[in-house]
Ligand SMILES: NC(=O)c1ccc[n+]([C@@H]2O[C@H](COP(=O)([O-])OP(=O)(O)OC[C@H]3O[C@@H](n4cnc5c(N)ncnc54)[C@H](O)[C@@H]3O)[C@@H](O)[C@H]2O)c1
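Just one chain is shown here, as structure tokens, and it is the form predicted on its own.
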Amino acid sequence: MTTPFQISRRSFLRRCSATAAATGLPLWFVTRELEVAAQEAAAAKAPVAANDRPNLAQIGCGGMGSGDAQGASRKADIVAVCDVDENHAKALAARLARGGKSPAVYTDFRKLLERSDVQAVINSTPDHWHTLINLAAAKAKKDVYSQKPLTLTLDEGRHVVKAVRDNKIVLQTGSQQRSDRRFRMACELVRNGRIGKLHTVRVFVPAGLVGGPFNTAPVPAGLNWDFWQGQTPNVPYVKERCHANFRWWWEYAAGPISDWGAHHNDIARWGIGLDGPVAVEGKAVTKPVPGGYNTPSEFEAVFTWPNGVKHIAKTTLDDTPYGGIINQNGQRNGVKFEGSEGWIWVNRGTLDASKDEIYTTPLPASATRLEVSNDHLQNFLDCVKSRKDPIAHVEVGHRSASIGHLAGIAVRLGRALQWDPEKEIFTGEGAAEANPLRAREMRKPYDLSFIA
């Protein structure tokens, strides 16, 4: 006679097989993860009410913000949206309208944070606005899902960590590759010595844009250009500076270093398993066009970690033999871990190794396990309820963003630097030149007093 348990077990095994086939991951890894998920679900005895949906607010309503908000609206209620471009805010509010009701529209995030019905915010603004908004949200006791990189500078990271911990809020950095099975498995295999002694990590990212010189133009109606610039120097409006292209300007970001680099360097650090490197050297491979985008479209940075691992981050073209995601320019991106007994290559579409048995052979029960999340936003929402740290909590976001900041400083100075990851200062030769670059002067009124 077939028992309910047997039926459930067969169904579970079919699900494991289907997931393994869909992801290309080995059955042992998928089975282990789904068993853990089933145990956790059984342990959560309290049923979830149909209306148990948190109230969220979306800050930053452009392309990324719109996508974030629409994804979140399937799991939570978006009750307010905010953007210094009123057109973006109104357009997103209209897209989120349900049953004739739309989210409230704001152009100043400080006003939005005064709402008592907002439990958490999604911060999808350009990099130079992440910190002030996250600090203000922490002060208002709102939990935060913040896009990567967490900060614009090294110094900002220390402020954000303190504010999150002092105010006891939950912060999830949008480093969603930590919620991807491929990246987690790759890092677990590396951390458990499956490729022998790790000696090199290679991070490949697509190159940035080259363009310019650009002409100034009238500020579009509905855009508060002064507010958009925030802490950065006030300059005439240039269409190519604003919205999606902000990432190719040093004032607002760090080009490819902080774009795809923020994702893949986070995975490199996860696999290495340490807080930060002890040395970095960098160079710009290409020079920007005068009057155009001012971050180098191609760069190379080399980090040395306390355990001797070399970590090389660079832009790359299609002559690399590692496979993986290819963009419109024929470039590939991903992370390659190299050890004394083989290598592992991973990105959002591929997990490969020098020998199949590196990943097909199950890890022992005593192996080091990394935290499991298969849905980055859901992990955040679960932690909003449980008050536990999410998988990419504030220290994770700060330490991983720091790798990009270190690379950016080394690239701009074009030299080798020594770094103390505990004190978070440069030491030795070049320190006097590099340490002031850990912070940037913030244009008033958009300094820390803006959210006081």
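All values reported here derive from a predicted model rather than from experimental measurement. Numbers for residues come from their place in the sequence shown, where the first is 1.
Quick note: we don't show the form predicted together with this ligand, though the next part is all about it.
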Requested in this report: Flag this candidate site as yes only if Q147, F246 and H263 all have a heavy atom within 4.5 Å of this ligand in the predicted complex; otherwise mark no.
Outcome: yes
Query raised in the report: Of the options D143, D180, E298, D127, which one has a non-hydrogen atom that comes within 4.5 Å of this ligand in the predicted complex?
Result: D127
Report summary line: Answer key, this ligand contact in the predicted complex at 4.5 Å (heavy atoms) among L56, I59, A392, A407: the residue is I59
Report task. Indicate whether this ligand has at least one heavy atom within 4.5 Å of a heavy atom of W228 in the predicted complex. Result -> yes
Query raised in the report: Is H88 close enough to this ligand in the predicted complex to count, meaning some heavy atom within 4.5 Å?
Result: yes
Report task. Please check if G174 has a heavy atom lying within 4.5 Å of any heavy atom of this ligand in the predicted complex. Result -> yes
Requested in this report: Answer yes if any heavy atom of D352 is within 4.5 Å of a heavy atom of this ligand in the predicted complex; otherwise answer no.
Outcome: no
Query raised in the report: Among 268-276, 378-386, 353-361, 117-125, which stretch sits within 4.5 Å of this ligand in the predicted complex, heavy atoms only?
Result: 117-125
Query raised in the report: Taking heavy atoms and a 4.5 Å limit, what residues of 76-111 are near this ligand in the predicted complex?
Result: C82, D83, V84, D85, H88, F109
